[in-house]
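One chain is shown next in structure tokens, namely the form predicted on its own.
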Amino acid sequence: MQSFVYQILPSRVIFGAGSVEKLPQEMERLGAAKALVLSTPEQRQSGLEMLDRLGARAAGLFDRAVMHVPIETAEAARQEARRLGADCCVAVGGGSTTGLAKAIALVSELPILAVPTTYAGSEMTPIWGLTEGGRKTTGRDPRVLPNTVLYDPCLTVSMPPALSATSGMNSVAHCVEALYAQEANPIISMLAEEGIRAFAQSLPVIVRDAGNLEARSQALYAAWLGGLALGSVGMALHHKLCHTLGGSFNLSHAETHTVVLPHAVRYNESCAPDAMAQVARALGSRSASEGLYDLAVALGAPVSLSSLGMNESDLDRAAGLAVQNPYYNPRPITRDGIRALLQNAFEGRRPWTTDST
């Protein structure tokens, strides 16, 4: 007999081509009149287009969102929101931009309207993250959950195939860890398996044909499921490792997820057999870890930490940091086991069911 807790996250989703045009009405629905638009420097043009779309409802643009939300950037954005008298934030982009909006909401409770242009999934979670002094801290707070998310696949067509691949693999990781999270439940597990399957079908098409709107729509749907899964249940070893590598060694978020995921799954494979069977089934593979590695290879995505600029001399320190205050994990976490995992990920080895981790 099953026993579980399922808590529904109170967010509103508008999905479909052209849905971004409904942003002004969604602001009105929230009772908001002045939006601070957020973007990365690279997506400044998208931010400017959003200002034009909002017209008199736009308070201004803050275009300095960066990976891992440095506390200095968060403070600057908070001050800008106060200076402009903004009563909501519109986050245009991926996890970096959404994360910055959450940093503002964490201290001001300004509502967030998210317009995702990647597959990060952060827009569906109450999880925030801030980096200070080389350490990334994460937490959960209902104040940072975006109130409205507008998923418009048309906005993802310009995402380069390489970024699409790693952004998608990042979201696959959300689905995978939801299956063996401490709070796992059959509803989220069903959605997570569907998310993995949708990504496995759509990402190879996107890499071959970046303008395929049907595949883009399927991948964005999968990203929604991945974000919902991540936000509804807890995280485990994989996310702990990626937060450590990103926050302390400044590695690219999505690429790090792509590289680490097969090895974290291999580490847990024998201790979460039902979850791993679901992953393998969704991928059409004989094993979860091998299927994830092979998918990354098929997408032309990076498969080694060395290719991301990680130094082998830093692996010992990374292992030490990762075992401090570990997240829940189905297999006990040991420093030696994590060190071996990181070595395999550094070298980009294909995980096998007989390897040492």
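Sequential numbering from 1, following the sequence displayed. Every value quoted in this text rests on a predicted model; they were computed, and no experiment measured them.
Note that the form predicted together with nicotinamide-adenine-dinucleotide isn't included here; everything after this is about it.
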| property | result |
| --- | --- |
| is_contact(T40, nicotinamide-adenine-dinucleotide) in the predicted complex, heavy atom dist at most 4.5 Å | yes |
| Proximity of L321 to nicotinamide-adenine-dinucleotide in the predicted complex, heavy atoms at 4.5 Å | no |
| 4.5 angstroms heavy atom contact with nicotinamide-adenine-dinucleotide in the predicted complex for Q79 | no |
| 4.5 angstroms heavy atom contact with nicotinamide-adenine-dinucleotide in the predicted complex for R266 | no |
| Candidate spot A120, P160 and H253, all three touching nicotinamide-adenine-dinucleotide in the predicted complex (heavy atom, 4.5 Å) | yes |
| The single option of A275, I188, I127, A282 touching nicotinamide-adenine-dinucleotide in the predicted complex, heavy atom within 4.5 Å | I127 |
| One residue of A58, M310, A296, M67 in contact with nicotinamide-adenine-dinucleotide, assessed in the predicted complex (non-hydrogen atom, 4.5 angstroms) | M67 |
| Partner-facing stretch of 192-200, 80-88, 103-111, 152-160, counted where any non-hydrogen atom is within 4.5 angstroms of nicotinamide-adenine-dinucleotide in the predicted complex | 152-160 |
| Heavy atom within 4.5 Å of nicotinamide-adenine-dinucleotide in the predicted complex - qualifying residues of 220-238 | L230 |
